[in-house]
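Coming up is one lone chain in structure tokens, specifically the form predicted on its own.
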């Protein structure tokens, strides 16, 4: 449905929502249920934000976020309400680890590493669990050791505290896999807070019982699409916001050559994109500084189709973790039968930036070479390859989530959810649980809508 073909309802607006991703749509629906007149302005020609549909060999796929874990209650409830079913991620068989040029198989969520590295990883996980639990849910920058932890990058922390090469490789690969950034770019406090919000290391990287346990039948993108159907007539697509004018009585938002007036505004876009909007009444300096200091991760998501899931017949589940290749995290994306084999994987962090600069054919060959390294010559002849380069997505500027460098969280983090006059902030970056995930985006939309409803109008 092209929502912009439907004329928005006439009359005075209560709230304008900027961004039609999970956060913005949830905020708008919550406000409508509260009796508020709402308009959603979306820069893209589609809804969904960092959730996006695609197709490979006739199979519908998610080019953006797709997994859901059993603890992501908001996302599961939203899917149930909208009639979108889930099914388990394929896990039968062994996973693969590529390290130092060699490929080995393992079972479970922790790759097979030398004994001393595994022992150190166990100690690391307990330490991270203890330290992340010390972070206040809504204000990690206030914990007793916040200054110390925020002064370190993950890389400098690894060099000080991790002894074995295998454990160092794991910690660096983990950072790239979950934040799509290099360990030297992210503060240790930011890392601990991400672990806390995702329920700890075991949950974040886990499949059964973890954040990758299930997928949505037909794709996660159906959820924002069906949410938007309930808002048809209240969404304008192809409407990038250029400026916001705020006064004592309300806000005026300039988009698509038009002026939209409302009492309040919810910004449901990544902080980096918000920094590019002109505000007539300057935002507080701390808010500006935070927006400008929260870069997005860098990732390219790639699907590869084969005539059959040949890895399953060899006792493999399609999952790969690599510390030494570009295409470094892979999952089985096939449907339930064996008629079409599909793998999905990611090039992230600095590797994504380098791969994005290559031509399409060179990038395709890079992916095939890595898959042949993992799975052997059967991986050399795919039927199709479909990629989504999120570093080139104008209205995201990356994926999965924004992160903070050393010093940013303790200097500016306390304003992440703080309203600026009549402007409120949503988006998965503002969540207190499951930041970077679709569930976190829903939480942020609910919170922002509740803030607006509670105001003295």
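Residue numbers count along the first chain shown, from 1. No experiment lies behind these values; they were computed from the predicted model shown.
One more form of this protein, predicted in complex with a small molecule, exists but is not displayed; see below.
Undergrad: With a cut-off of 4.5 Å between heavy atoms, is residue 43 one of the residues that contacts the small molecule in the predicted bound form?
TA: Result yes; residue 43 sits at the interface with the small molecule in the predicted bound form.
Undergrad: Are any of the heavy atoms in residue 241 no more than 4.5 Å from a heavy atom of the small molecule in the predicted bound form?
TA: Yes.
Undergrad: When the contact criterion is heavy atoms within 4.5 Å, does residue 425 count as touching the small molecule in the predicted bound form?
TA: No, residue 425 stays farther than 4.5 Å from the small molecule in the predicted bound form.
Undergrad: Although the partner isn't part of this model, could you tell me whether residue 28 comes within 4.5 Å of the small molecule in the predicted bound form, counting any heavy atom of the residue?
TA: Residue 28: no, not in contact with the small molecule in the predicted bound form.
Undergrad: Please identify the residue among 66, 410, 432, 59 with any heavy atom within 4.5 Å of the small molecule in the predicted bound form.
TA: Here the answer is residue option 66.
Undergrad: Quick one: of 111, 318, 198, 270, which gets a non-hydrogen atom within 4.5 angstroms of the small molecule in the predicted bound form?
TA: By the 4.5 Å criterion, the partner-contacting residue is 270.
Undergrad: At 4.5 Å between heavy atoms, only one of the stretches 183-191, 273-281, 99-107, 128-136 reaches the small molecule in the predicted bound form; which one is it?
TA: Heavy atoms within 4.5 Å of the small molecule in the predicted bound form occur in 273-281.
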